[in-house]
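Before any questions on how it binds or moves, here is one chain, the form predicted alone, in structure tokens.
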Amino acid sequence: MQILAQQLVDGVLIGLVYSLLAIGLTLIWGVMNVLNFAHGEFLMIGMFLSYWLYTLAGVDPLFSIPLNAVALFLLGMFIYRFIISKVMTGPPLAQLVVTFGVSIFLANFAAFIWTPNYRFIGHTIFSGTWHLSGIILSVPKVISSVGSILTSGAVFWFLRHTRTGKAILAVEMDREAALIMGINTERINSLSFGIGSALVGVAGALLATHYYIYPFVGGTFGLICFCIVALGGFGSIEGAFIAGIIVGVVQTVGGYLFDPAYKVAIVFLMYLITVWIRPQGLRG
């Protein structure tokens, strides 16, 4: 039982980070109706940014969170303005191909300039473990989960208590009605893509404290994010948050009960069963 409890705790901790990643992806989908296949690669860039700031300037990954958020926000705005906006009025397949192309380019460009080698930040200001009733808590993972909760809470507050946030929700609910009411939907698209990318930058800094960093790390997290967004309900931020925790727990506990090699397959099996019963997702 103690080992199972350990797996549950670990699942919740990684699930909270998944939730933050999925919120960024579902925000983009809800507002723009576009699946950003480069979401995982944005995470990779955020992780590398934290790594190089730590290696070259001695900046702890947690202190690099604001820099990551700003850098990924600007990158997201740039990619939307000069690439994705060009195909927004085109067929949906063109939008998918464009984001998929950005994903392939970013991953391979990173491998070209940084090599495919694995990197790891061995020591941060929050290192070590805590022992609580026989359960071992990794301090970096706990800090990452707390950071994810705070960031997710800030997003919820922003969307519901600011003028811009309410405009984003209005466009998500009904784009045509929002346009009639005078909301600049093109500006909202750009902001939403930038905010979604900034959230990935925050998650990248948090993950860099305890996860291996390499150019193709985004592929793994990207697939899991798509599963979480679909499980929670496309466009539902609350659903993404809940589904992220569920996926984290299922992944870790499933890997313990069966085999770690099958933990991702177990997640997708759970997703298939869920959408078979409830196609719109948990909160769709």
Partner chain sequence: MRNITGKQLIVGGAVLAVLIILPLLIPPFGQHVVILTLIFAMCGVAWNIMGGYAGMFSFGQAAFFGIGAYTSSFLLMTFNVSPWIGLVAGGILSSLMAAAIGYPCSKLRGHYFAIASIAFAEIVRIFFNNWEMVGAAEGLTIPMRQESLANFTFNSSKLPYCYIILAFVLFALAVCRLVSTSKMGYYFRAIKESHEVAQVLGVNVVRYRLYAIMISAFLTSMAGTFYAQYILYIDPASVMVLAISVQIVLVAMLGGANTVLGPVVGAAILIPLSEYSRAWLGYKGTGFDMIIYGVLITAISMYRPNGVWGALAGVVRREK
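Numbering follows the first chain given and starts at 1. Because the structure is a prediction, the values reported are computed rather than measured.
Although it is not shown, the form predicted together with the partner chain is what the next lines describe.
Asker: With the partner chain left out here, work out from 222-230, 247-255, 49-57, 65-73 which stretch has heavy atoms within 4.5 Å of it in the predicted bound form.
Answerer: Contact-bearing stretch, as computed: 222-230.
Asker: Could you tell me which one of I104, I136, A154, L179 places a heavy atom within 4.5 Å of the partner chain in the predicted bound form?
Answerer: Checked against the cut-off, the match is I104.
Asker: Work out which of N184, N108, T162, S127 lies within 4.5 Å of the partner chain in the predicted bound form, going by heavy atoms.
Answerer: In short, N108.
Asker: Classify V97 as contacting or not contacting the partner chain in the predicted bound form by the rule of any non-hydrogen atom within 4.5 angstroms, answering yes or no.
Answerer: Flag for V97 set to yes.
Asker: Is there a heavy atom of L93 no more than 4.5 Å from a heavy atom of the partner chain in the predicted bound form?
Answerer: Contact check for L93: yes, within 4.5 Å of the partner chain in the predicted bound form.
Asker: Whether H123 contacts the partner chain in the predicted bound form should be assessed with a 4.5 Å heavy atom distance threshold; does it?
Answerer: Flag for H123 set to no.
Asker: Should K166 be classed as touching the partner chain in the predicted bound form when contacts are defined as heavy atoms within 4.5 Å?
Answerer: No, no contact at 4.5 Å.
Asker: Heavy atoms within 4.5 Å of the partner chain in the predicted bound form is the criterion; list the residues of 17-48 that meet it.
Answerer: Those in contact are W29, N33, V34, L35, F37.
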